[in-house]
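What follows is a single chain, given as structure tokens, in the form predicted on its own.
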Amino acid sequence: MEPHSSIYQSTMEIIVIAKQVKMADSVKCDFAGVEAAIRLKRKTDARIKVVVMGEEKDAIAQVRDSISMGADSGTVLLLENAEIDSWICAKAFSDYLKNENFDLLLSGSFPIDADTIQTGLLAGNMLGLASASHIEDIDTGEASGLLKAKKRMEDRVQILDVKMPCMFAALPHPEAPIYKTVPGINRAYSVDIPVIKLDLNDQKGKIKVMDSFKIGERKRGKCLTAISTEGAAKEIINTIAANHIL
């Protein structure tokens, strides 16, 4: 069963997906997709559901944080096998989403760990959705069933008209964060958060990390002061030659 859109209804249905990431001393979750959904909700009538994949206790907390910020509901996909890659994560998300009703699927463009950068886009591809990354802003389109998206590139900005249902990977806006509200916090702790256990034992990952090591920090360069232009140029050339760059 393919996901179906509610574009003929009065309320836009948005689903945000995020994968919980374990760091050295904490558990993180990318909220860029949640914030993008809330910004769009402020412009149009929309409902937001947040789906977090991770371990139960922390994932439930992250769903409640999302509701406190302005989402309407959330679900946890319980992840018990840590040895999974982005392809398996995307497959698990897409299997769940096949039975969901939505117009827009959102994730972050810069998740915290590099292994999940492509998870949202992979899930969108598995669902057969039109997908775009590095989305800076989203608005309703000129015609019914379309969304207008601003895509930030290195040397330009593209304005896209995208047919729903579709998938966007949103850019973060650290300069304008969305905060929790008191009504949102009250709502977040008054609703039940469904927890769905994933069975990933029969899935085989596409990526295997064979080794991981830290790269040495770069040393501070020599500061050339009180020296002539000719002397500075000579010093630079000698440094380049000594490091076998030339």
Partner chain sequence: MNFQLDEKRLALQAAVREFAQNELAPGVIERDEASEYPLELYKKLGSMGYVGLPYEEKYGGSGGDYLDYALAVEEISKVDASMGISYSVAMSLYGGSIINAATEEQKLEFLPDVFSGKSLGAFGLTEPNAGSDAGGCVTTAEKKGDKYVLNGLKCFNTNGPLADHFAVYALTQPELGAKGLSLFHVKKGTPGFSIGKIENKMGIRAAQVSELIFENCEIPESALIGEEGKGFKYAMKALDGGRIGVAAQGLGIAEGAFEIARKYLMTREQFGKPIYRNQHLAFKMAELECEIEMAKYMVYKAALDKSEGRPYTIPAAKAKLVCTNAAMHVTTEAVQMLGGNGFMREYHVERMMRDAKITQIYEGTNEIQKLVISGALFK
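Positions refer to the first chain, counted from 1. Everything numeric in this text was worked out from a predicted model, so none of it was measured.
The following text describes the form predicted in complex with its partner chain, which does not appear among the structures shown.
Looking at N186, you'd find a heavy atom of it within 4.5 angstroms of its partner chain in the model of the complex. Residue contact with its partner chain in the model of the complex: K41 places no heavy atom within 4.5 Å of it. The closest heavy atom approach of R64 to its partner chain in the model of the complex falls within 4.5 Å. Its partner chain is not drawn, but in the model of the complex it has a heavy atom within 4.5 Å of K180.
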